[in-house]
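To begin, one chain is listed below as structure tokens, in the form predicted alone.
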């Protein structure tokens, strides 16, 4: 019952937070000048009809409520810069599979490698193996992803010629050719996640390995390997599993920089292009801003709730 009330409370806060942020974005966008209708040429009639539907020229409060009304129906207007006259929701849906694909395979690659390195570092604590892994983790956590992008492009694409520097979109995002061509981007997105998983796994497992109940398990005859697998890993995964779950929840969020660098036609690249366009494509900006805000808020809620589900000793919402 306490968990149910906690979930309702968090969902209520999510809705309030979402509407506050999206309202601020909407007002700021409306303060910017719109592109004159005469600039659209043959698409002028279509753009003007969509603008009239969304209340352009009306007081901003009327435009805001019309925006919300049609947004709930899946109508975010038409593109006025990048894909003139096309429905922004349809373009977004067409590009979303590319973002899901590159994020999904980067997470699948990151989880076993990151957890494995963390376990090895914890078991070999204070040895040269631990020092090497910890140093690598510090480097990969600290360096921005676009630096990995430049290095991967230079080494794997231009020097070794193992991959193409841009994605092959002819066969689709989940085809073998598409996955292989996305491999440089997948590697770049994986480095930071691998380092994060390894760091948290090492920290949690190191603490568990020195706990009293594990020493008791060893005195009862369990080997170090048996005690680690049966007891230590299970308890160490309590704070780590929500982190993994959060990665999967945010699988649609994409990467603004990596998608741009490797020409992956996902929502991250679309967001950057919508902002960089002259003038910016406001309808795309509002749709993608709302999308990223919602994904971030949902990921936080799922991670928090998962603690109480994974470990029954944690009672969410109780005083």
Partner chain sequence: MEEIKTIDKEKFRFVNDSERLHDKKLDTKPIGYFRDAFNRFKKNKGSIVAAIIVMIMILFAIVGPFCFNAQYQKDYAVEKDMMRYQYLLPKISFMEGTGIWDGSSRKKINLATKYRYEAMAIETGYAPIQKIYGEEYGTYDVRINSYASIDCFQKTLTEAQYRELMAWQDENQIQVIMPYVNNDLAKMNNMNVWYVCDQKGMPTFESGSKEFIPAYYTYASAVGRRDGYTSTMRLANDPYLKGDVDNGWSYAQRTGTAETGYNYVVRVNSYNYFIYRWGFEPCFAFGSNNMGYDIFSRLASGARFSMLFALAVSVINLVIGAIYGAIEGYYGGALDLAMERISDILSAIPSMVVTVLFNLHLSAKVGVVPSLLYAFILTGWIGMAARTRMQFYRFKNQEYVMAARTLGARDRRVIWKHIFPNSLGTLITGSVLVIPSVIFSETSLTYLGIINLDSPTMSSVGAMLSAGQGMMSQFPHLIFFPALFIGLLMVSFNLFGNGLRDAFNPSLRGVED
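Quantities reported herein were computed from a predicted structural model and do not represent experimental measurements. Numbering follows the first chain given and starts at 1.
Missing here is the form predicted in complex with the partner chain; even so, the following discussion is about that form.
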| item | value |
| --- | --- |
| In the predicted complex, the residue from 132, 237, 156, 203 that sits within 4.5 Å of the partner chain by heavy atoms | 203 |
| Selected contact from 150, 213, 174, 128, since only one has a non-hydrogen atom within 4.5 angstroms of the partner chain in the predicted complex | 150 |
| Contact check for 275, 293 and 297 against the partner chain in the predicted complex, heavy atom at 4.5 Å | yes |
| Non-hydrogen atom contact residue 44 with the partner chain in the predicted complex at 4.5 angstroms | no |
| The partner chain contact in the predicted complex: residue 93, any heavy atom under 4.5 Å | no |
| Non-hydrogen atom contact residue 60 with the partner chain in the predicted complex at 4.5 angstroms | no |
| Exercise: residue 20 in contact with the partner chain in the predicted complex, heavy atom 4.5 Å | yes |
| One stretch from 140-148, 184-192, 238-246, 97-105 that, in the predicted complex, holds residues within 4.5 Å of the partner chain by heavy atom | 140-148 |
| Residues within stretch 262-289 having a non-hydrogen atom within 4.5 Å of the partner chain in the predicted complex | 271, 272, 275, 276, 280, 282, 285, 289 |
